[in-house]
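The chain below stands alone and is given as structure tokens, in the form predicted on its own.
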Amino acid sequence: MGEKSIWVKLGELDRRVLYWTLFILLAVPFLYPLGLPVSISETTLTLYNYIETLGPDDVAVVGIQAGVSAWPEVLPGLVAVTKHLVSRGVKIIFWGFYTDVDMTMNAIKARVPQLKWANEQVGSGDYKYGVDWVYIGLLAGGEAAVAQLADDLHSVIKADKFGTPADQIPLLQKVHNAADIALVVTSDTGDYGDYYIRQWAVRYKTKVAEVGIAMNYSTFIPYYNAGLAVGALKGVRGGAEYERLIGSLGEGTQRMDALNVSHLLTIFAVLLANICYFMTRGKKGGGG
């Protein structure tokens, strides 16, 4: 029996070689984002274009209604949108309805260097806490609280996360109800996007955008098509798209690169297996 052909040898390749190849290829994007091509969705571009119209006289709310478990999907988009708002000079109010909202706020702050607590501010490029941005912390009350915030912000918010009274915070002194807010960015794993649409977009015509898990994207599209939402990011892919638009590749791009690399390897393996099969079909023993 002659020596085995190259096709037989490839067909008999130990599967552990593929596992190790996949492990190495998945590690590469997390060491250095590859920036593999990602098409930009209409809902992502619409949100980007709207924020491009905002400036220092506008105020945005970033509502964190997604827990730590959803970070892989929602955190890249939250960070990218926050970076864009900061680059436009938009004032930002952060709050959330999840008990671990502090952890998500700290994660955003760690990735957006301009956001500094009052005792951390050292440079002119910092967003001044209380003037340019403020963190309210955890809120409770579900849709009833979302509706009350729209009607009278100060009836719900008496102080920021650190106990400073709302009437002593310059940014909050400018905001009284939903009519004073140019954009709500809601990050969801549940129904809070619906709450903001019903209580802010329908009643006050406030622009609302969704930065949620991919599963929520399809349920938010009808609002977008009806003109009630100004945009939506589809999970981690939406985050990667937004990173591309603002020219700041981050964790969304890394995760999409890893997904794309794994898919490419799978396609290659399937093609190689079929080629090996057809090249050795009918050859007994696989001899050369």
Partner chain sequence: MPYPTEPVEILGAWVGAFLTIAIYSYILYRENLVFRFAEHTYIAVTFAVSIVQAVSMIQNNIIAPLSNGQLTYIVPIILGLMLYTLPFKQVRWMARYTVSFLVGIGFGVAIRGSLTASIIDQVLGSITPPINGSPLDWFNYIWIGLGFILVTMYFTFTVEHKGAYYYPTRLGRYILMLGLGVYFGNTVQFRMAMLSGRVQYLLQVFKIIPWP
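Nothing here was measured: the structure is a model prediction, and the numbers come from that model. Residue numbers count along the first chain shown, from 1.
The form predicted in complex with the partner chain is left out here; the points below concern that form.
Partner contacts here mean any heavy atom within 4.5 Å of the partner chain in the predicted complex, and among 172 to 180, 77 to 85, 125 to 133, 148 to 156 they occur only in 148 to 156. Contact with the partner chain in the predicted complex, defined as a heavy atom within 4.5 Å, holds for exactly one of Val230, Ile51, Val236, Ala60, namely Val236. With the partner removed from view, the residue among Leu45, Ile246, Leu36, Ala226 that has a non-hydrogen atom within 4.5 Å of the partner chain in the predicted complex turns out to be Ala226. Put simply, Glu251 is close to the partner chain in the predicted complex: some heavy atom of it is within 4.5 Å.
Using a 4.5 angstroms limit between non-hydrogen atoms, Asp191 is distant from the partner chain in the predicted complex. Proximity of Lys161 to the partner chain in the predicted complex falls within the 4.5 Å heavy atom cutoff. By the criterion of a heavy atom within 4.5 Å, Ala27 is counted among the residues contacting the partner chain in the predicted complex.
Although the partner chain is not shown here, in the predicted complex the stretch 38 to 65 places no heavy atom of any residue within 4.5 Å of it. Cα of Val17 to Cα of Pro72: at least 3 Å shorter in the predicted complex than in the shown structure. Between this form and the other one, the CA-CA gap for Pro72 and Thr266 narrows by 3 Å or more, being smaller in the predicted complex.
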